[in-house]
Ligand code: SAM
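A single chain comes next, written as structure tokens; it is the form predicted alone.
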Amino acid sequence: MIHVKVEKEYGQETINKLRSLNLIDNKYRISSDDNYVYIPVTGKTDHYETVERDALPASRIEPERVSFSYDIIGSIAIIKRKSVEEATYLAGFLKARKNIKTVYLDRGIEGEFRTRNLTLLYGEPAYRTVYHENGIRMNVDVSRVYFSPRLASERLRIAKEVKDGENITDMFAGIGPFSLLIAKNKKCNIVAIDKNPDAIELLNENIKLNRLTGTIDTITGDSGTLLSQYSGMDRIIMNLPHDSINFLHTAMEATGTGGIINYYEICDLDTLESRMEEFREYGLEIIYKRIVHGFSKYQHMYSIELKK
């Protein structure tokens, strides 16, 4: 049986990616050992290491065996891109989990702060929960802020790249998942900016909730305007995947020579190739690019590290 072999650190990220492409063979169990996760797939896949390995049949129906996309944030599950009728049926697979107390349907992202339009499918209408990720805890209110658990491996990867002493700007910080994980593990100085006051309120709560090695200063406001007050930054994180390109010049001006921009964008392959040319024309060195997760049939979320 063909399996994708991936380091445990990237296991959930890879499962989400392969699931979005309908490549997981759900007749068999996902397995692991001390170092790797083994994901049964329907055939060989590009960009992933595959191995032949015995597979155990799935012993019970799991949500992964039914083709639908969902996020689990603490005790809340959110089903995406389905009709109410379909989602109500699918909620049955999620509410069977002991830790799930509430299930919503995400009917789309809307408004200036890109919050979810949620319809209750199961449980109490609770929006607030505590989410655990890579050793940090975060208060999340899914009705007031947008938060995705799908970047957990990406956030850990960036946190490992950061060096002690870095001065960092988290341009679209939200409730602080990038900032908190970095500051927990590295002695650095972070300016976390978001225009949603509810996000900054929760971020301030989350700073108190965690024991941090570095410092985080929070600012409510528009990054495009506020970032002009800063210069010589060692690293700027641009996690606004639908609009990051509109802020790139501002980020470049605030980044010191040799500084790093962690840039995220959701796009198709043609747009990505054009973007690579733009970056080179701006004089930015492309350190790497990688797929974080799938978004639609032809689009992915890309992580691109740029050096000024």
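Everything numeric here is computed off the predicted structure, so don't read it as measured data. When you see a residue number, it is the position in the sequence shown, counting from 1.
There is also a form predicted in complex with S-adenosylmethionine (SAM); it is not shown, and the following applies to it.
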From R128, R114, K184, K101: within 4.5 Å of S-adenosylmethionine (SAM) in the predicted complex by heavy atoms is R114
Contact assignment for S-adenosylmethionine (SAM) in the predicted complex, among Y36, F68, F247, Y28, heavy atom within 4.5 Å = F247
Which one of these stretches, 74-82, 173-181, 159-167, 202-210, sits within 4.5 Å of S-adenosylmethionine (SAM) in the predicted complex when only heavy atoms are counted?
-> 173-181
Y230, heavy atom within 4.5 angstroms of S-adenosylmethionine (SAM) in the predicted complex | no
How about K195: is it within 4.5 Å of S-adenosylmethionine (SAM) in the predicted complex, going by heavy atoms?
-> yes
Decide whether S153 counts as a contact residue for S-adenosylmethionine (SAM) in the predicted complex under a heavy atom distance cut-off of 4.5 Å.
-> no
So, in the predicted complex, is Y122 in contact with S-adenosylmethionine (SAM) at a 4.5 angstroms heavy atom limit?
-> no
For 236-254: residues with a non-hydrogen atom within 4.5 angstroms of S-adenosylmethionine (SAM) in the predicted complex?
-> N239, L240, P241, F247
